[in-house]
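Heads up, the chain below is alone and in the form predicted on its own; it's given as structure tokens.
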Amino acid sequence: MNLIIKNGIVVTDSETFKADIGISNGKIEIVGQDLNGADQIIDATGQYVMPGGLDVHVHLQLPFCGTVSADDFITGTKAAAAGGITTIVDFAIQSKGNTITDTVKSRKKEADGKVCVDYSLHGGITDWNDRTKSELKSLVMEGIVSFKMFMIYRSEGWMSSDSMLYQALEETKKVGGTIMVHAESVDVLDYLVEKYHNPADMKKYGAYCHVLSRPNFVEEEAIQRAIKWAEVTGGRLYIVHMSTGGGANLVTAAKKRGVEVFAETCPQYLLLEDDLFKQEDGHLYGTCPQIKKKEDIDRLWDALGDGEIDTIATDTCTFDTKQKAMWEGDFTKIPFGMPGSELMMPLMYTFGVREGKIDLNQFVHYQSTNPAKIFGMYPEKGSLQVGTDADILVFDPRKNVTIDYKNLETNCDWSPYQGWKLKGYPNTTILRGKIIARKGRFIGNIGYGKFIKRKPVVR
């Protein structure tokens, strides 16, 4: 064997037990006791050995709001690796007049040879027509099995109408695909943004106008509508970055009715409150949708504890302080997004597992196993099964870390969690049998990551 991880506590989404793991040629060869005879030994005494994390919602080097997100495919995946993530899924967002197929090819050229972890892509549908419709089957056959649609961003040319969403759910059902939606109600949202987009309110409220223009019902109504289209078409729906307690209630009710709907939430919606927008640097926290209130945070944690939400991802879209300063007091010009992948797992351990909101197996379920299952990568990713990729995280629950952006791999000069104290941090990240990060630093080879061809849904 090339590598043995000894004396660790193995954690999957369903079991926790002491065992050694032996790795050969990038694959898990054996999970057993008292293994010996390897080129390299990792002593994991007192540490958790779990599947590497999957962050199935990231935006690296994304052109947006007149700039490009600060983490590219190199720095963004270095950061992911340092945080225990071994696979990310980014987006290939179609522009008007172009095919999704060509967009995927172009995006892969940007990523290949640069990514430090394995990656895949979601297709982004913005131009629904017969040509786009005809592409879906071949894209799914090529491993692009999920497609994002936006219920907002009319002026950017990304928005999908209800008819487009309905038709896409019908078509992806036929070919084994999944439709992901950014769910916000565009007409009311646009009205409210315009309502607060005036000098008096922006002077009075500053970045908090972002909160005032996006009350919870803006997300909740759109989630309700998307669920209805999934229900009547029989399509497979995934709600990205769900931020409201009311949204969780709608998803839970739909699941009970038998609707095939999945929901993702993010660390920022579990940890940050919207009063931050009232601070002098409040504009830094601008995301879309925005962080909400304590009652939403509490409901989302309860939903995770009860298994009503399906995944945790980050919506990583990094903008540094110079880029964020582009807002110049106008809340409509804030580049939306924050760094996320590097700290997702230690944040969820410290404030989720250690505080008893989720258990260790749920920790693995939400950030590794279930994302892999939903998006067609299981068991090769998200498991510790013999014969699968040796994507493994050795996580030290005793490690104390005070968050400081200066010590992180992300290409960002601030952190939404600056100064927060963590107990529990990734020790060693292994991708296909190779150690790529240790103690919060990337030590692997740039370009070692590869594209993952994902499997369609079998109905």
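No experiment lies behind these values; they were computed from the predicted model shown. All residue numbers are counted from 1 along the displayed sequence.
This next part talks about the form predicted together with a small molecule, which is not shown.
Trainee: Would you mind picking out the stretch of 394-402, 408-416, 38-46, 52-60 that comes within 4.5 angstroms of the small molecule in the model of the complex, counting non-hydrogen atoms?
Mentor: Only one stretch qualifies here: 52-60.
Trainee: Look up in the model of the complex whether G337 has a non-hydrogen atom within 4.5 angstroms of the small molecule, and give yes or no.
Mentor: Close contact exists here: in the model of the complex, G337 approaches the small molecule to within 4.5 Å, heavy atoms only.
Trainee: V140 versus the small molecule, in the model of the complex: is there a non-hydrogen atom within 4.5 Å?
Mentor: Judged by the heavy-atom cut-off of 4.5 Å, V140 is well away from the small molecule in the model of the complex.
Trainee: Y205 versus the small molecule, in the model of the complex: is there a non-hydrogen atom within 4.5 Å?
Mentor: No, Y205 stays farther than 4.5 Å from the small molecule in the model of the complex.
Trainee: Can you tell me whether T287 touches the small molecule? I mean in the model of the complex, with a 4.5 angstroms heavy atom cut-off.
Mentor: Contact check for T287: yes, within 4.5 Å of the small molecule in the model of the complex.
Trainee: By the heavy atom within 4.5 Å rule, which residue out of L271, C317, A303, L136 makes contact with the small molecule in the model of the complex?
Mentor: Checking each option against the small molecule in the model of the complex, the one that comes within 4.5 Å is C317.
Trainee: Please pick, from K373, R236, K114, H182, the one residue with any non-hydrogen atom lying within 4.5 angstroms of the small molecule in the model of the complex.
Mentor: Filtering the options by heavy-atom distance leaves H182.
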